[in-house]
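One chain is shown next in structure tokens, namely the form predicted on its own.
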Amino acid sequence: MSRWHIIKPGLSSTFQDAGRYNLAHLGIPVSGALDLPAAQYANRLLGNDINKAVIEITLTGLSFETECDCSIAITGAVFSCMRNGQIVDHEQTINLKTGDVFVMKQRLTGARAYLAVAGGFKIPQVLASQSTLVSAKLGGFQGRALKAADVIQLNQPQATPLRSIASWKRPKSQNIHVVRALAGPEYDFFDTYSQESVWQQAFEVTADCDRMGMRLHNKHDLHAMKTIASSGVIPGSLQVTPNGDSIMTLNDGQVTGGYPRILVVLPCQLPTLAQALPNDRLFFYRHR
């Protein structure tokens, strides 16, 4: 049968595709792969439509047994991988046979990996997307992260030619990231010191981070001189709380918020945020 049995699901493994758009007026965030280029590259390696759903795997690896022959690709964060207890080259597409047990073990670089299968996964669409929104129990596999003993159906699994994964497509081992951003809608609400320091100081990624957003620690507090009514928020918005803390909104974050936005990260820079780990430092570079 064309299916996988999940053995260990990892910390948080969910189905994600390119996301669901134009639904913010209904309170529904975009969701989708946080590192979309990595997810699309995994599909490209297998000859899939680049926006087919993949499994987004966060921090700790996933393991499964396959009941059919299939080809897979893993991009994004780099893990040590094993097939039936033997180390397998993760720098290329991987062919699996019926009964094989595939294990992603030690994470080497990055935060999120993307697992695609040739032919794609057989999961329903909800609001024109297969992406999982855990907070609303919407989409993906029963609207939740994968669990041990889940059975995942595949859609026309097939073998594909071996294709190598370019080294430049994989996150490098680094803990300092420079992220390009624009001044946010409420930038002028902040005092001069805050306007200058937001581009000069390091923002440390805390352990309080998930697909909704990441709380950042900044040594020099940011202070807005005005408050705002609840306004629209998009992924990449850096909101500042009344006590000077900062929160970076990600794909599953609320679509409205009442904290002033001092900057907004360029969409092409969101994959950098997706691969940042707790204790990593972010520096924002003003794009002009």
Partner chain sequence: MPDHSPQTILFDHDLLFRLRTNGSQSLIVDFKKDSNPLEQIHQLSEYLLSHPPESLINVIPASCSVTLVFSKNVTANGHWQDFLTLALDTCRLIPIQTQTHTIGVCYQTQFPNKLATDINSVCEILQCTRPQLIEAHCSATYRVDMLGFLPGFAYLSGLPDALQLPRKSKPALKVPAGGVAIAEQYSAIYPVDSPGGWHLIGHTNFKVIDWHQSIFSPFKPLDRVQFVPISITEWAAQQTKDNR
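From a predicted model like this one, the values you see are computed outputs, not experimental measurements. Positions refer to the first chain, counted from 1.
One more form of this protein exists, namely the form predicted in complex with the partner chain; it is left out here, but the text below deals with it.
Of the listed positions (51, 60, 63, 254), a single one reaches within 4.5 angstroms of the partner chain by any non-hydrogen atom in the predicted bound form, namely 254.
Screening 92, 135, 195, 95 for any heavy atom within 4.5 Å of the partner chain in the predicted bound form leaves a single hit, 135.
Although the partner is absent here, residue 27 sits close enough that one of its heavy atoms falls within 4.5 Å of the partner chain in the predicted bound form. The partner chain is not drawn, but in the predicted bound form it has no heavy atom within 4.5 Å of residue 202. The partner chain is not drawn, but in the predicted bound form it has no heavy atom within 4.5 Å of residue 47. Although the partner is absent from this view, residue 250 stays clear of the partner chain in the predicted bound form, with no non-hydrogen atom inside 4.5 angstroms. If you check the partner chain in the predicted bound form, you find a heavy atom from every one of 126, 185 and 264 within 4.5 Å.
Contact with the partner chain, judged by heavy atoms within 4.5 Å in the predicted bound form, is confined among 101-109, 137-145, 163-171, 72-80 to 137-145.
Taking the partner chain as positioned in the predicted bound form, none of the residues of 88-115 brings a heavy atom within 4.5 Å of it.
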